[in-house]
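Next up: a single chain in structure tokens, the form predicted alone.
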Amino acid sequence: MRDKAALFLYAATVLCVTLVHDIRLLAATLAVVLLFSGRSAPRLAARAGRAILVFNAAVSVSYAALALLRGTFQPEFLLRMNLRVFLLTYLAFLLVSRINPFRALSFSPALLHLFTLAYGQIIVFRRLFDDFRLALKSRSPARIGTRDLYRNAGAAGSFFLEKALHSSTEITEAMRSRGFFRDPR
């Protein structure tokens, strides 16, 4: 029951955070969430910061460059966007660290089934990523250069994309054969 309540509270909070445009209210919400997190707040904040760093930096720099060229730069927009993304990411990491998602989704067999499929895919991809990392490390007697890291990342990305497409096709067909989708035919 606690996991379900936390899941619904998370969903309601995410909805509210996406609807709020006042920076002070977003900052106050972040402060409350940080206080609610207790001792795990610094670890979760660092994790959320690392997760959004590259993407938010690219978006922020792109926005700043274009807005400065057009003369429409608004620092409030940049602050609001980054604050909102950090808060949403932090909330997601907080939820994942506090609940058992299988118990939280037990109210809906269909959602639980979908989550189980997604979780299985995550486990497979995590194991494959570790295999790629260990294979590169074992094949490199000297320190791995940046060029080799990029080549390996490109090959791994291509492999993961093909694997994801293949797996999604297989899973969709398996779900259709079990009557999960209504086929208009």
Partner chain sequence: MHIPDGFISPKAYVPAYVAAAGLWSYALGRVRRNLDDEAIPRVAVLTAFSFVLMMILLPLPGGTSVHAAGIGVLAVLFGVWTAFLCVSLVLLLQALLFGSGGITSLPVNALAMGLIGGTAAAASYRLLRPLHERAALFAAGWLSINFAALVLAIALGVQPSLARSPDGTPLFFPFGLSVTIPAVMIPHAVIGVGEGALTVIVCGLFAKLAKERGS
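Take the two forms, find the largest set of C-alpha atoms that superpose within 1.5 Å, and that set is the rigid core. Residue numbers count along the first chain shown, from 1. This structure is a prediction, so every number in the text was calculated from the model and none was measured.
Just so it is clear, the following notes concern the form predicted together with the partner chain, a form of the same protein that is not shown.
- In terms of contact with the partner chain in the predicted complex, the residue from 66, 53, 134, 46 that brings a heavy atom within 4.5 Å is 66.
- Of the heavy atoms in residue 24, none are within 4.5 Å of the partner chain in the predicted complex.
- The closest heavy atom approach of residue 140 to the partner chain in the predicted complex falls outside 4.5 Å.
- Although the partner is absent from this view, residue 79 stays clear of the partner chain in the predicted complex, with no non-hydrogen atom inside 4.5 angstroms.
- Mapping the unseen interface onto this chain, residue 113 counts among the residues with a heavy atom inside 4.5 Å of the partner chain in the predicted complex.
- Annotated contacts: 1, 30 and 177 are all free of the partner chain in the predicted complex [non-hydrogen atom within 4.5 angstroms].
- Contacts of stretch 110-129 with the partner chain in the predicted complex, defined by any heavy atom lying within 4.5 Å, are made by 110, 111, 113, 114, 115, 117, 118, 119, 121, 122, 125, 126, 129, listed in sequence order.
- The Cα position of residue 21 differs by less than 2 Å between this form and the one not shown after fitting on the rigid core.
- The two forms, fitted on the rigid core, differ between this form and the one not shown by less than 2 Å at the CA of residue 63.
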